[in-house]
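The data below hold one chain only, encoded as structure tokens and taken in the form predicted on its own.
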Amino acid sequence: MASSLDRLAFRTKILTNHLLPTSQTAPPLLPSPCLNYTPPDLSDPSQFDTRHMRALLDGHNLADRDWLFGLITQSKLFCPRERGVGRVFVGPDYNQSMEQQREMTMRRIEYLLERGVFEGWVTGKGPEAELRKLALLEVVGMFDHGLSIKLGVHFFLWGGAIQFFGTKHHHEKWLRDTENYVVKGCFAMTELGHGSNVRGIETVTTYDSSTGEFVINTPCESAQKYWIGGAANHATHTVVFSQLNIDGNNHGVHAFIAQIRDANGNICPNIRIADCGHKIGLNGVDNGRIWFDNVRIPRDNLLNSVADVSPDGQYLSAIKNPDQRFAAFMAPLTSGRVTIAVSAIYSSKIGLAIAIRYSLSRRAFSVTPNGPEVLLLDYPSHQRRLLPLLAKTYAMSFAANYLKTLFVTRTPESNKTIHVVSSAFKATLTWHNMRTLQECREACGGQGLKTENRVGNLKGEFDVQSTFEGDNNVLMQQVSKALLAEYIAAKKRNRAFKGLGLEHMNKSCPVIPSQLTSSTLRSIEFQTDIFCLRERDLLSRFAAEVSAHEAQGQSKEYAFILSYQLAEDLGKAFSDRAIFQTFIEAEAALSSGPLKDILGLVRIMYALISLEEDSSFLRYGYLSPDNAAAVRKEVAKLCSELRPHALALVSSFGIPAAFLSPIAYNWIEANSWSSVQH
């Protein structure tokens, strides 16, 4: 009873304080003068060379990138629009219908083709030609992801299949016409019933030795080719992935060239094509569905670098093991995962550049009566939302550059490494991009909803990256499976770990101090140790759990499935450690100075935010609760230390103003009445 009366008296006192004036009166609030835009560049001068930082982040072909930026900004095909005095922005017009967006995509391709952008994209040889192609595709993707996807399907998937699966006569017949867009190619792998599980596709191709032709069939509705970019409107040819059946014997998945339209755009006989319809993004890409009804193609249209069929119907392959043969077919397809991972980071850069520039000129609330309103990025909570994501984007830029180098210098011996690293980075970088875009959208408030401000639309355009060219969750399981195979082989043969960055497992197990000070948390040694400790421990735990399930009578595959939680944790541990390693290497290549100092600060933020956000560090005991609290406190301190460098760090992305949005600059002028009249 007494406690009830106490609560009542307390609530009465609170209400009285609200309703009755107190003896201490606050000064009256005065009307504020109109807001003016102040460019953050005036108050946040760079303390390091942003051009040098950009060279470090982009890694290669800066002049080629700037040339293409110029080509895009000077053509009306790329929808230039003036917002504010003298400020022009480019970007797709998402108010257009699906059909109009597709038409504009093709017109832009023709414009770029005429200006030599695609020169050497298929016929060029060597790492330099490949890096130029990748750099230019990245610039295209910064303008419009759909345009880069359309080009990626034609050049990287169709053209890449001809290059890697085909032999000399295929190269001579198809590559030059592909580069010149005389042939418009697509890539028919995915089916309605099978996406990630390529081995299970149902399209069937048989061989007719009496005519020397292959016959392609779609035997059921689930075998229809689905989500085929370019198929709905423009493609003239496709690479068809199909089961090869000869005399009742199935030889597994093989790749064939089939024509689906003539030069006038008419669909070929025995081919049926339907549109996949409107999507949440990428409506400038004409995704289609294809059915094959006894489609006959010449024997030479089998892409035969891995296997061939003789005129009399004999199946020929130097690779006798079906699993190894299938792996040989899949190996060249890593190009898609490479380009997706890289483009995701450039998308994150756009979102962060817009959101951070906006937060350096937009104010909200004052902390003193009649005092000036506070810049958004001067609020510790706003720093905490954006600056750790900025650090992660820097780290993943170095990871993306490493992945590209790995890809363009590939050898048959490095195929396994490329598969594992590209799978891990594709999943990690695309997940990061979607999270970053959502945070940037919210950090821009209502302005983030406007199409012209880009961030909201980027979410819809890039969402697909989580599932195409391999579902992210499936890819991460493949990473863990590959690590498990390495672990078992090393233990069985009593040999040292070599490759995939696992050499740290040959050393003694790192010991984490029981009490972590600020200086320890910031040291490369501690950060390296804890990333390696997590990976090695999770790999050991994963191997033990799979083995325990097998000992209980489960098959190897089902034992792996039952251990999915450890598999997920291990995949992330591998990816985080590998990304961190690329950051260390980029930092180590610099001589002492302001650039190295700021990069060290960004690296510390990447490491510590990774520790804070992943519950596995607490779950498995790598961090005690007290040490986890110390990490969280250090992250807050790092936010305040990175705040003065935020503008310079996003300026170092080297993204032209035209590729950002009005709220990244004078958003008051861009929304003025004069801009409406204009």
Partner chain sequence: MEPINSSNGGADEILVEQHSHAKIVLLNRPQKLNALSFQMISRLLELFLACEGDCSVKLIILKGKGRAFSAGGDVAALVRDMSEDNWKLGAKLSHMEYTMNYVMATHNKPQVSILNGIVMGSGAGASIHGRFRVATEKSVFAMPETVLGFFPDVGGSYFLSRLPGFFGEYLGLTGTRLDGAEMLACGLATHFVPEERLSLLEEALCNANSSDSAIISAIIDEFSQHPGLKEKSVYHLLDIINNCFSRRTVEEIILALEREALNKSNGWISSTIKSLKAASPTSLKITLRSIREGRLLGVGQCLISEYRMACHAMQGKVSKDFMEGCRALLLDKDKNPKWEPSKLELVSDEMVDRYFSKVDDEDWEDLKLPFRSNLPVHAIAKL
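Numbering follows the first chain given and starts at 1. Quantities reported herein were computed from a predicted structural model and do not represent experimental measurements.
Here the subject shifts to the form predicted together with its partner chain, a form of this protein not shown in this document.
Please check if L35 has a heavy atom lying within 4.5 Å of any heavy atom of its partner chain in the model of the complex.
No, L35 is distant from the partner.
Whether D66 contacts its partner chain in the model of the complex should be assessed with a 4.5 Å heavy atom distance threshold; does it?
Residue-level check for D66: yes, a contact with its partner chain.
Considering non-hydrogen atoms and a 4.5 Å limit, does its partner chain approach R115 in the model of the complex?
Yes - in the model of the complex, heavy atoms of R115 and its partner chain come within 4.5 Å of each other.
Is Y111 close enough to its partner chain in the model of the complex to count, meaning some heavy atom within 4.5 Å?
Yes, Y111 is a contact residue.
Please identify the residue among R132, K416, H194, R325 with any heavy atom within 4.5 Å of its partner chain in the model of the complex.
Looking at the other structure, the residue within range turns out to be R132.
Out of R87, R541, K279, R299, which one falls within 4.5 Å of its partner chain in the model of the complex, going by heavy atoms?
The residue from R87, R541, K279, R299 that makes the contact is R87.
Out of 607-615, 623-631, 41-49, 637-645, where are the residues with a heavy atom within 4.5 Å of its partner chain in the model of the complex?
Flagged stretch: 41-49.
Heavy atom within 4.5 Å of its partner chain in the model of the complex: which residues of 631-670 qualify?
Residues within 4.5 Å: P656, N666, E669.
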